[in-house]
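Below sits a lone chain in structure tokens, taken as the form predicted alone.
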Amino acid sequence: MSNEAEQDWKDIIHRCFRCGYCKFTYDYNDFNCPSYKKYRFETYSTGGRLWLIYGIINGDLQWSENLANVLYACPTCGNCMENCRFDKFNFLLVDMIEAARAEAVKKGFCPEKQKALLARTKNPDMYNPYGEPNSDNEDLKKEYNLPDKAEWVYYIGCTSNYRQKNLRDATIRFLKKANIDFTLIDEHCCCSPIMRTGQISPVQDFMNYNIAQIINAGASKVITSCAGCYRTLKKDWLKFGAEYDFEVYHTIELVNKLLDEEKIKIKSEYNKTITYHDPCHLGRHMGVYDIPRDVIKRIPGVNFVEMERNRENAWCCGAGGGVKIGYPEWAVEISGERLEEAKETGATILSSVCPFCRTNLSDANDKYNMGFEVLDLIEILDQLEIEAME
């Protein structure tokens, strides 16, 4: 970090009043910060982390393993941004934590478990954080009879491609039903996991590679079913100097657009009670709250019920920010609290629009025997009769 950048961050951090709003949601009379609720120590709140960062920049504190662990014990859910009353910098809170993590990496203090994300992603046999052999998606293209060039590219994302394959396949089937002209590319990780953990050295190369693949496919639009990929392609790549002229959509935005334009019609009923979990990267990070709810309400037969904490104050699933790999048991604990809240609604279906959320909520559902059917919204749509209109 340059001296100029350090001074900028230092000036911003010094304005933090340590008022406590970043860790408490007064509308719901409860802690909104998963980290503070777990550790109950001021340093584990966002305000506490800012002053920790200030101490590092000021030279009052030295890097250590314990200090780095405080920075990494945060799912970067962004609820602190919603509740911080100082609008001159509240939108930068997660950025500051991620910037501090990047400094931790430079100083050699990235926790060991999170280091695996970078090692796997950079491995030329993998190019993904799960350590799976890289798929160039050619087999999928053949299976679904997809062209080499198309108007749309479906950017699958690593979690859907290597862990939540049913979500991936449901998305492909929906796009086929809706008569969308799309293809797949030999995609490498969008770099969201390594960005969140401060391991940013390969981001430029990965970003440029993926952009070139999209351009080579002749696409003017990109769609992804992953909230993390959506934020990364649409927001973070621009921070790293990306230049592209294609549009980026989340799957649910396209579904809603097709319904609005009467290009598709849902012809069957789904007579179940659904509650919806807002993914942090789609909701607080990108401001998409209404669209998933609008789609759910347009499914015939659905009884839609809200959890008490929703939209900007939705409780995090616990999987983001490197917490799932770094603190797996705690990640499931965070989801467990969300499931308890979902139980109070009487819903039998817990839905979201993020493969990371689907994974962690499913893990908690299994661990605590909650009895939900945890489904991505596109998986629900895949169960229904969808007719493409002329």
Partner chain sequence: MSKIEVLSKLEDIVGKDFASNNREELFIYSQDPGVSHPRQVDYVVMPETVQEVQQIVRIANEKKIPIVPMGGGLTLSGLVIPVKGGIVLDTKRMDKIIEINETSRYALIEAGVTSGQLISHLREKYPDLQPPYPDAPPSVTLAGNALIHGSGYLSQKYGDHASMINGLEVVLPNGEVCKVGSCALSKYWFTRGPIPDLIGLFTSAFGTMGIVTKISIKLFPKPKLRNIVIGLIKNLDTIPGLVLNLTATDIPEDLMVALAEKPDFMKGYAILLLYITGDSQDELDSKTKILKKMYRKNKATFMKLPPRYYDIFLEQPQFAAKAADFRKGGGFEYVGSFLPLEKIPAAIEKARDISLKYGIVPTQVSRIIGRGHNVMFAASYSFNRADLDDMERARKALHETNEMVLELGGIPWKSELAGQKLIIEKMDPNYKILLRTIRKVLDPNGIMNPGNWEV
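Worth saying up front: this structure is predicted, and the values here are computed from it rather than measured. Residue numbers count along the first chain shown, from 1.
Keep in mind that the form predicted in complex with the partner chain is not shown, yet the notes after this line are about it.
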Can you check 322-330, 47-55, 346-354, 361-369 and let me know which stretch has heavy atoms within 4.5 Å of the partner chain in the predicted bound form? 47-55
With the partner left out here, check for me: in the predicted bound form, does some heavy atom of Phe86 sit within 4.5 Å of the partner chain? yes
Glu308, heavy atom within 4.5 angstroms of the partner chain in the predicted bound form: yes
Would Glu340 count as touching the partner chain in the predicted bound form under a 4.5 Å heavy atom rule? no
Spell out, yes or no, whether the shortest heavy atom distance between Val374 and the partner chain in the predicted bound form is within 4.5 Å. no
Scan 42-68 and write down, in order along the chain, each residue with a heavy atom lying within 4.5 Å of the partner chain in the predicted bound form. Glu42, Thr43, Tyr44, Gly48, Trp51, Leu52, Tyr54, Gly55, Asp60, Leu61, Gln62, Trp63, Ser64, Asn66, Leu67
